[in-house]
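Next come structure tokens for two forms of one protein chain, structure 1 first, structure 2 second.
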Structure 1
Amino acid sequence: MNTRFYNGKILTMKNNMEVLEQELWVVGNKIEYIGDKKESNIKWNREIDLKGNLILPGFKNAHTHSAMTFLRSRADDLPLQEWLNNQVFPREAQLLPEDIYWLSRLAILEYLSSGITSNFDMYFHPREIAKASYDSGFRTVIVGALNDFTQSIEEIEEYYLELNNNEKYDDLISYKLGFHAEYTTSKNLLKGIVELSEKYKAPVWTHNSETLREVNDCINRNGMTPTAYLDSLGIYDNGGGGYHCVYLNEEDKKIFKEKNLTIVTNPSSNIKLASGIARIDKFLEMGIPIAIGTDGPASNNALDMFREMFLVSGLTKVKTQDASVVDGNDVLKMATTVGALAMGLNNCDVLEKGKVADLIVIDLNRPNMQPLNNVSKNIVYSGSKENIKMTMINGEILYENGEFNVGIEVEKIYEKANEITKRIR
């Protein structure tokens, strides 16, 4: 599909926060041109008058569990361990592989309407996750969910080879090594992950230091924090990072810095489960890369990047009692470019010629976006899902003006999700 966008604004995320008033052309699945109006021999499928609205790289949801949509508002108002052991794990045990497909498709609808063009998804049955994303035209990076109760080292390697095969899924699907957490994964399995990481020179991802209890229990078991323990085993020798990272001590932060690891912060989930508030300001001071994730729809419960961006900045300001920390422009980078690089999506990080056309259109002609004193700060501090006018992935428009183009009627997805939810008690 060839699409010409004109009469609008462009925030490429390449040159700080400079807003361009130029055209953007998409030919096939890639950006062909960004610049002033000029003549072209390209046969356009659509020429879109932006009417002053803004094109931006799509948001990257760098940590989520998409298929947990079936638990939305069914396991609320509980602390993490009770939530996991008494509500989540027993119900997850009832899921069928085909359930993962439909529940993931439901999450994808929400991602699209929130301007999210790719996600970093950790859950069971990765082939079903891949199929749901591919059938929707959505870009997903799947991460291993290995633990003592599900998957194996052999399966993780099989998934790694199969789901990184672009001949089957084009380039919409990829796979990273990962495991659930230190407290659910035996030392033998962790050593197996280290061997795979070394074999393929691949990064490793996991939940890390989400709660104070998790950290203290790890110290009691191993004499070290989760970060130090995993590092001592060689988990981070080929990079990767951690989800949450609310309770990192100085040694932990040094490990993240020295190994060039990325922290993926999940503020909504952390405050809903009363896990704590991450010190984003300290990570920024040390130059540790920070991306943003929603976490799953059972612990959030919304898959909304606007809410996450506001909280990343706002919670840290409250925590430090300093309104100057965590600048909104830094937060916008976390939600777009840093997330892309963390997920290995180096061709989807910014808007420039030759990059894949994963982009969104922000409606600036809404009351919450006026006046246009500072477009990037408006997105972080006053933006909402109502401002997502269009979501394009791989050159295809999958969401526009409240309508979805995902290869199936959305009512069918809602119907299947509700059937699954009624079956699981």
Structure 2
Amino acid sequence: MNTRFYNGKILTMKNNMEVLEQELWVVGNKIEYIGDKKESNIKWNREIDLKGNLILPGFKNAHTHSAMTFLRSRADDLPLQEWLNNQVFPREAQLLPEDIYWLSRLAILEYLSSGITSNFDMYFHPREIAKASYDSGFRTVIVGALNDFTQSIEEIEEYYLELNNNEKYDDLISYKLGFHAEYTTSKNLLKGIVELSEKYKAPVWTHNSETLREVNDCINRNGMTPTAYLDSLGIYDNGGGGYHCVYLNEEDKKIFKEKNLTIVTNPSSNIKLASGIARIDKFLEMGIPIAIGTDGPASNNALDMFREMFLVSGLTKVKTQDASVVDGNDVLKMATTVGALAMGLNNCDVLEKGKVADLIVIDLNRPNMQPLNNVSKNIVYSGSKENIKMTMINGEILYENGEFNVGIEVEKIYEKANEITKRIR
């Protein structure tokens, strides 16, 4: 698709929060031009009058379990262990590979409606995840879900080679090494991951220090925090990072800083499951990269980057009793640029010539964006899904004015998701 956007605003995220009033041209799947109006010989498929609305790099959902849509609103308001052991695990055990396909497709619709252009997805059956994403035209970075009960080192390596092979999935799909968590993964498997990480010089991702209990249990088992323990095994020698990271001590933070690991924060999930509030202010002070994820729809329950952005700042403010910490503009960087770099999407981080056209149009002509005092703060502090006018991935418009363009009727996806949900009681 060749698309010319004109008569709007552009927040490239390259030069802090500078808003350009220029044109943006997409040719194929790439940004061809950002600049003043000029003549061209390009044959446009669409010429879009933005009517003053704003183009922004798409949001990057840097931690999720998409296919858990079937558990949305299925088991709320329960203590964490009861939720996990009685509601989540027994139902997950009933999932068939094809279920993952449809449940992931449902999540992808919600990502599109929230301006999310790529996700970092940890779940079983990665081939189904890849197919769901590819069929939707969505960009997914899949991460290994290895633990003592599912997937093996051999499978992880197989997925790594297959899903990073661009011949099959263009560059919409990629795969990162990962495992579920320290408390579900034996030392032997962890050593296997370290070997793979060394072999491919590949970063490794995992849940880390989500709850206080997890940290204390790890100390009891290994004499070290999860971060120190994993680091001692060499898990972080090729980079990567941790999901949640609510409970990091000083030494943990130093490891993150020294190895340039990314913290992916998941504020909605952390409060709804009563896990805790991360000290984002401290991570920012130390210059540790921070990205943002929704976590899965079983725990959150929304896949809504606006909710997460507000909370990354709001929760840290109330935790520290200081309304000045975690500036909204820093949060917008986390949700776009930092997320992209963490996920290895170095071509999707900012808007400039040659970058991939993963971008969104924010509707500024809505009451929650008025007056136009400060566009970036409006997005972070008062934005909502109603402001997503368009979501473009890889140069294709997948969502526009509330309508989806994902190669299949959305009703079919809803129907399949409800069927699966009814089957799994």
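Each residue is numbered by where it sits in the sequence of structure 1, with counting from 1. Here the structure is a predicted model, which is why all the values come from computation and not from measurement. Each form is matched to the other, and the largest set of C-alpha atoms that superpose within 1.5 Å is called the rigid core. Shifts are known only where both forms have a C-alpha.
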Structure number, where the criterion is the form predicted together with a further copy of the same chain:
2
With the two forms aligned on the rigid core, where do runs of 3 or more residues move by 2 angstroms or more at the CA atoms between structures 1 and 2?
78-82
